[in-house]
Structure formats: structure tokens, C-alpha cells
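As C-alpha cells, one chain now follows by itself in the form predicted alone.
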């Protein structure tokens, strides 16, 4: 089977959807940076590569623990004690050996430019609010689009922040506007299906964003995974926000 026919067969069912018809070349040339390879990031990265996103940067500093296995599907019990990065690269390459992967053990102000270089989106799929706030701030400062997804117990949240559009920031604010002085949250329980549901929703949103099929702005998606309901809320800016407040002042 020649290369062209192989690719056509790989994406046959996806390409049957109007939103993705004739979009494989677009997806193959998009680049996404993913922070966090746990219950959300592992499955989300797998779904994106499976859909044809073949340029990704991934970041995670953890090693695999036995308590991860029930929800982090890239890993199994034989991988306990091994770097999540190493296992993720192995599994993603096994899914599609064409994928180009750059890996990072951590992200800070010094290597963020390298982590996000040429990326169309940065995905925050981490498990702590300090990292989320730092990533959002850096994306806002560098005008890089940012998607945040998280889940705790049966509650999930998902938001797209197109920071490359400064008008969006003036109208809707940033992640810091949303969380404000939210205190550090203690670890909560979670099931594998809850993590998988939010990871899948995030991957779907990212695919729509990358192909230009998502036009909604400023929406917060709130998931009740126990009762199978989704609510929507609107983002609103904080004119005194320490991250994006200057944009609002400039719009007066």
C-alpha cells in the first residue's frame, strides 16, 4: 500500500465528517504543546496524535506511580518508577511513527519560549493551580493561544483562551481573571472515566480550534460528570488583573 492510500485509510472515518474533510494536511502541520501527561494529558495527547496532529511538545517531571495506573492510560504496572515522558514518547511513536516529539522535564520562564516555539496552542492539563497560572501568564505575555482543562472528583472545567487575539483579552480577560485568589486545592478523588471524559472533550475542542471549526469565544464549560450535565458560563475580565489588566486600561 502506497503512502497516500495508507494515510487516506488511516483517517477514513474522521474525514467523513464535514468539519474534518480535507483537513489532514492542516492537522499534520499544526503544532501543539502539552503540559502534563497524567489522566488528562496522556489520553489527550494520544487522541490528538491519532487524529493526525503530528508535531507536539510534551512536558512532565513525574515518574509513574501505582496510584496513577487506574486513570493514566498510556502507562501500565510494568512502568511504575519510569519517567512519564519516556513512556509517553514510546506509546505515541507506536501509535504513529511519523509524530515529531520534543520533551521537557519542566517549564519555567527560561525555557517557555523553546517549549512553545512555533506552537499553535499550549494545553494546560496539569494538576496544580500554581503551574496553571504560570502557564496562562506566559501564554498571555507571548500572545499564544491557551486551553485549560482540569478535573477533580466528578467536576470538570474546560476553557479556550485565544490570547493571540488581544480583543478577546479586552472583552473576556484571562485565566487569572477567572481564578483570582483561589486558594491551593487539596487533592481529591477521581475515577478513570472522569479523567477520560475530560481528556476526550479537550481533544475534541483542540481539533475544532486547529481546523477553524470553533467560533465560540469566552465560554467556560462546566461538567458534572456524575449527573452527566454540562453548563456554560461567560468569562469576564478583571480590569485590575495583574496579568492582563494593562490590556483593559489600553482599551479605554
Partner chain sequence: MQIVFNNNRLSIVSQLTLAELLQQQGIAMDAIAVAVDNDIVPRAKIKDFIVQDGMVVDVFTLVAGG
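Being a predicted model, the structure only gives us computed values, none of them experimental. Residue numbers count along the first chain shown, from 1.
Only in words, not in the display: the form predicted in complex with its partner chain, which the text now covers.
This chain is displayed alone, yet in the predicted bound form one of 119, 157, 138, 73 has a heavy atom within 4.5 Å of its partner chain; that residue is 157. Between its partner chain and the residues 179, 95, 80, 143, the one pair within 4.5 Å by heavy atoms in the predicted bound form involves 179. Contact with its partner chain in the predicted bound form, defined as any heavy atom within 4.5 Å, is confined among 120-128, 163-171, 102-110, 86-94 to 120-128. Remark: none of the three candidate residues (19, 54 and 59) comes within 4.5 Å of its partner chain in the predicted bound form, counting heavy atoms only. Looking at residue 222, you'd find a heavy atom of it within 4.5 angstroms of its partner chain in the predicted bound form. Among heavy atoms of residue 40, some come within 4.5 Å of its partner chain in the predicted bound form. Its partner chain is not drawn, but in the predicted bound form it has a heavy atom within 4.5 Å of residue 151. With a 4.5 Å cutoff on heavy atoms, residue 234 counts as touching its partner chain in the predicted bound form.
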